[in-house]
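The chain below stands alone and is given as structure tokens, in the form predicted on its own.
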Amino acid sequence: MSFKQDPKKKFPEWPIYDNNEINTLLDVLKSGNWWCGFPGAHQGENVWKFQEEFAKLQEVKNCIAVCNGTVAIESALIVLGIGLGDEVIVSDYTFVASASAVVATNAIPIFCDIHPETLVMDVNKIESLITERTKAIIPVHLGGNPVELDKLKEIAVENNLYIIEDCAHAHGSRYKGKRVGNWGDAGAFSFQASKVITSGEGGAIICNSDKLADKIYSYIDCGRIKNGYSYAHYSYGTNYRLSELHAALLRKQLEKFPEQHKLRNKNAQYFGNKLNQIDGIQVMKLTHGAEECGYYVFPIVFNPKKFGMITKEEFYQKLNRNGIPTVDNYPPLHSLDCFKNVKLRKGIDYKNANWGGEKSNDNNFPIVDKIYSRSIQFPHEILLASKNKLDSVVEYIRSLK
């Protein structure tokens, strides 16, 4: 959904960049080293340094940079041995990549409904979805809001399941003293154009296991091994490497992130408290134990009865016409045509999935259906605006009653 903003009410635009980004890209171009090379024979330095710097931010031992967030999830699944006929439990309220990465491994995503207040995977519903075919869980930290990770980990350990955290929205999020991405076996991040740390495209996988990190590196770099001969391919792999240009841009964006992250969290609390004072507005509630939030999006849920039975589309239109930036909500995965009509991998039996045909009926996913039909999302850059700007949004929403 696009719109022309009123210049008088203009909000921060994204991405935010300056001469630091421009000059670093020029430096890479002039160097002629546009790719990273290998661990033992560097061509460029930015990919290797970014991996160290992002690992430090996320307080994790290992980071492997890749070309986007989708293949970050896929690579983690492949290396953990997820494959033909395996089932992977995924939040129903997320971008398609959280599930399409599972499909890419010939495994089957199983959709889990969400909590009505936190808007993330309801861990209390996971055990009912586990079968003898279940091999992993992908919790999605929507809007940077952590899933209840301690309880999720207990379930995973008890049932011998892997956890691959989808952290595409959750750069810098912290839950009960630990950065997200550190609670499971691996965490997958995206640096796509709209993300809070961005290079247009890009991704990363983090983990604390050196053995797993080596396997992931080998998979994303054509089956090579660290410091091995470049034309020796020790296992099946593919090419998901990140370029030097993207990594150089990310390093400069990473420098800006801590201050932006702090401001987003400060303004989110202020903005959320103001919005929650409006009868009929419910702001996404942070999961108990969340200490920092990435706030890739800032979702609110409205009660149509309190706003003259306004529809979601009308609500979006009114905000947009008033120059207030918004972003679309993800349609629930079970409702997408590719899953509803089972337009996926040939030769894979999806009959045991909890979606497809009549099983994709919204009544089978009541919470996410209700939330999706009456929710609005603001982009993260709105949280970089002044309090006066945020107040103007609150007052405009109040005026719609």
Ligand SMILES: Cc1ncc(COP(=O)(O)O)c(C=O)c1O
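Quantities reported herein were computed from a predicted structural model and do not represent experimental measurements. Note that residue numbering follows the sequence shown and begins at 1.
Unshown form predicted in complex with the named molecule; subsequent notes refer to it.
* Asked: Out of 247-255, 227-235, 161-169, 319-327, where are the residues with a heavy atom within 4.5 Å of the named molecule in the predicted bound form?
  -> So the stretch in question is 161-169.
* All three of 75, 76 and 187 touching the named molecule in the predicted bound form at 4.5 Å, heavy atom to heavy atom? -> Negative, none of the three is within 4.5 Å.
* To do: Find the only residue in 180, 89, 140, 206 having a heavy atom within 4.5 Å of the named molecule in the predicted bound form.
  => That would be 140.
* To do: Using heavy atoms only and a 4.5 Å cut-off, determine which of 360, 58, 46, 70 is in contact with the named molecule in the predicted bound form.
  => Flagged contact: 70.
* residue 95 within 4.5 Å of the named molecule in the predicted bound form, heavy atoms -> Contact with the named molecule, yes.
* To do: Find out whether any non-hydrogen atom of residue 202 is located within 4.5 angstroms of the named molecule in the predicted bound form, and reply yes or no.
  => Contact with the named molecule, yes.
* According to a 4.5 angstroms non-hydrogen atom cut-off, is residue 192 in contact with the named molecule in the predicted bound form? -> Flag for residue 192 set to yes.
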